[in-house]
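Below, in structure tokens: the form predicted alone, a single chain.
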Amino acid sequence: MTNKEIVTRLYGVLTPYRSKLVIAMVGMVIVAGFNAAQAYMVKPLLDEIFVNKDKVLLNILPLALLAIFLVKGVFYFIYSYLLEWVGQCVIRDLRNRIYSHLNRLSLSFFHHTPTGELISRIVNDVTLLQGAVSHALIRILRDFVSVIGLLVVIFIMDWRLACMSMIFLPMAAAPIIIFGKKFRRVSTTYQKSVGEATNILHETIGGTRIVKAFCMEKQEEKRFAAQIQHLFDTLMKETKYRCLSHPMIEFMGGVGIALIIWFGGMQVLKGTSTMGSFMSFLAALIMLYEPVKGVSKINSTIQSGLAAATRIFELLDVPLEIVEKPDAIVLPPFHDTITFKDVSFSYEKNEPVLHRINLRIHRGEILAVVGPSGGGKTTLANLLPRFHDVDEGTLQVDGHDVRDLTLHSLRSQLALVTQQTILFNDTVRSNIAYGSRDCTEEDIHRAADAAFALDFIEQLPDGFGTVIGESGARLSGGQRQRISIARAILKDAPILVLDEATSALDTESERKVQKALENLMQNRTTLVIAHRLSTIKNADRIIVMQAGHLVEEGTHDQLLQAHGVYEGLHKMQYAD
């Protein structure tokens, strides 16, 4: 992404705040004008007061200088505050846009992108862009306007010296251009490294039990230390460029000012210029070089911000795979059938996971899906709430293609309970009521009771107000699962998907959870994915998936008598 494209995109983000920016620009112009006035006042100070002994001007000039500083200070506050406000608003808007965009991306994107990388982009990259927008942008805009005003002063004072100084300004700016590309490359490397370090932290902290169980603490410490050392090396490379660019600009500016002093001094000695004019010119020139040197100091911040903007806009440009049609319709309450017609799906091109699946699920039916690992069971279930879109064929609910429905109306009629229980670091009450905004306290208690969770919840320190920790860390596996089931009961959706909801539990917990699931499945159309065949014997119908194909279908007894894949799975589980 080029600088022009980045600036164009950032301008689009700034558009809602144009009125504030205009006010800030007016304030900057006024401040720049008074900066030029300060330099210009050196001439009457020397020529009229010190040389011509003008006492009246001596009384007026300090008062005028005080007025200049007062007005300049007021407008400096106005434009600095407004630009900072705009910069922070832009960062807020970008963070919200990124998070909103991530929430709309399909599951496929998250399968390919590490969580730590995404956290780094939202937190670290946006922070770097904040430095460029809130601080560097303010300084560049301010210095640009100041340079214009000071250029006017030096050309008024002495056009010959002004022309000479113009030769050295580009020379002073050369290191900014030279080091700019280096800063950008280093910053891009740094931001990628931060993402990798964040991912290591996310993995090892989330998997701390495994790290400890396999005695991998030292190895993980070495892996993290190596990544931090890479970050350190990258930062020191940026520091080297930054520390080198500033003295180079200082030296080139010094060469220019030295020659200007020599040439201007000769003009004063010859009488072709006054001491006041020369000193006023020199003051304006020194003030002119300050913004150039300032840009060199913040060049690394600017380049880091541009590199961060590139990564941010790349993330925002990831296309949405699951998109509602403009004329999408609202799904009426489910009342008949779910139909898979010749459905095929693949995560990667030319690697199909499901092959021409034909299946009809009737209202109120309990359909179990079994088969060897990797057979496509979970993928089949994920198509129903449209976590993925089918590649070929159609998936219909009551005759409506799911791609023609609004996502909210489709997903609001489904409840999901998975093997990996997803709970939030919040109270028991909030976790059960998640997604059910209008529920009452009585509804929450009733759902917990139906999920056989009421007894253990009431024994918690604060009952329903107990904070359960990240992913429900303060609860047992069976307790977490029953909270998840209570959440699904409270949602009261007509279609239920159970994805190996008991496979990770011990026998006692499984028995309790199975009772809770029986309550949950009452009067609902249920799709049950199971490894333990004992949990689905009483299903109305069982289908067997193998290598993405639907290979068998029937009741438990019928499938055993067919002497096929299901019988083989049954024998393996009951071999003893």
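Quantities reported herein were computed from a predicted structural model and do not represent experimental measurements. Residue numbers run from 1 along the displayed sequence.
The form predicted together with a small molecule exists for this protein as well; it is not shown, and the discussion that follows is about that form.
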*What is the one choice in 96, 103, 358, 373 with a heavy atom within 4.5 Å of the small molecule in the predicted complex?*
373
_Please identify the residue among 347, 144, 76, 224 with any heavy atom within 4.5 Å of the small molecule in the predicted complex._
347
_Options 196-204, 480-488, 318-326, 375-383; stretch whose heavy atom lies within 4.5 Å of the small molecule in the predicted complex_ = 375-383
*Find out whether any non-hydrogen atom of residue 111 is located within 4.5 angstroms of the small molecule in the predicted complex, and reply yes or no.*
yes
*asked:* Whether residue 353 contacts the small molecule in the predicted complex should be assessed with a 4.5 Å heavy atom distance threshold; does it?
replied: yes
